[in-house]
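First, one chain by itself in structure tokens, the form predicted on its own.
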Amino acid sequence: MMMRRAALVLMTLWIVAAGAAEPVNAGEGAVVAQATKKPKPRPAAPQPPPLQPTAQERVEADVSTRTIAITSGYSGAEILVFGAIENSRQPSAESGFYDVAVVIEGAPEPLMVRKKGRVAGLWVNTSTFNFNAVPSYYAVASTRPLEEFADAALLEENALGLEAVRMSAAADSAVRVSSEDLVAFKDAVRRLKQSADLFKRADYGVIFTGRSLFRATISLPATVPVGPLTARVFLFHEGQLLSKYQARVVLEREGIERWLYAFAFERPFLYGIVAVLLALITGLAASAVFRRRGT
């Protein structure tokens, strides 16, 4: 009896050991391995660089000279304004992609305008109007007429064009006239300045010499008042003002003219005495010469 129980126990242990040693199916093992193995994190995909905005066009310019000397032989001068457009998108010089306007403007000065009327069959001055500040000189040059690439409000805002020249009326004169008369006086100033060659306009005076290079030549008459000048350059595209640039030019007296000018304004009494003495000496010398010829 004891032997039979021992045999049953040994047989049971052998069956358990054999079951534990039985190999596991490969497919099942693969499934178990896949279920227990953690996936590796994938590297993040590189992000594309942000789109860069189109660079804004900008005008860079300069003038051929910053100082113009006024001497006894002065008969006028020319100012060459040249420049380039940074980040230009213009395909060629002839494409007309951009428009450029160049302005040379003198220092403002007071001005009186007189209006004539017929009185008793005669033309006499019937009224006057005073301006506190009117540019002593104004010249504008552009790639084409200003009205073709900019509206009136934009031209007025930037004092661009003869019709937009800033003229400051004196308060005592402005209250005495109507708005229509004020416009008439301003038109009269433009006509007078244009007849004296002090206001001028060149609709095709700016020329492109490349995709971004441009130039313009402004003539200064011999009658231009001495003083500072301001050169302004405007860049337009499809009616919009993209950029502007400003430079300074100085007209100054040199040599004997500068000395006489300073002498007259710094010592006016002494200058008057010298002028009278020179006139007397010149008159006596001329009288002596003519007396000798008469004899």
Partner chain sequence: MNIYLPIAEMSESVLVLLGMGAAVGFLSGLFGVGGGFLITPLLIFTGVPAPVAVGTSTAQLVASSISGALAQYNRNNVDIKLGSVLLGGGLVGTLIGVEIVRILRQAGQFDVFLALCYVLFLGVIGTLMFIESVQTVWKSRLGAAPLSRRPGAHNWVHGLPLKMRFHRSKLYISAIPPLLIGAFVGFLAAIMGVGGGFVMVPALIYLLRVPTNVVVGTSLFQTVFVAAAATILHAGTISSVDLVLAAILMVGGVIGAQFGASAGSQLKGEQLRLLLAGIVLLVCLRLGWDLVVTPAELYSLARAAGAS
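Quantities reported herein were computed from a predicted structural model and do not represent experimental measurements. Numbering follows the first chain given and starts at 1.
The protein also exists as the form predicted together with the partner chain; that form is not presented, and the subsequent description refers to it.
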Only one of 149 to 157, 111 to 119, 205 to 213, 80 to 88 has residues with a heavy atom within 4.5 Å of the partner chain in the predicted bound form, and that stretch is 111 to 119
Would you check, heavy atoms only and a 4.5 Å threshold, whether R191 touches the partner chain in the predicted bound form? yes
Give a yes or no for Y74: in the predicted bound form, does one of its heavy atoms lie within 4.5 Å of a heavy atom belonging to the partner chain? yes
Is V250 one of the residues lying within 4.5 Å of the partner chain in the predicted bound form, judged by heavy atom distances? no
Decide whether F185 counts as a contact residue for the partner chain in the predicted bound form under a heavy atom distance cut-off of 4.5 Å. yes
Look at the candidate spot formed by A55, F97 and L229 and say whether the partner chain comes within 4.5 Å of a heavy atom in all three of them in the predicted bound form. no
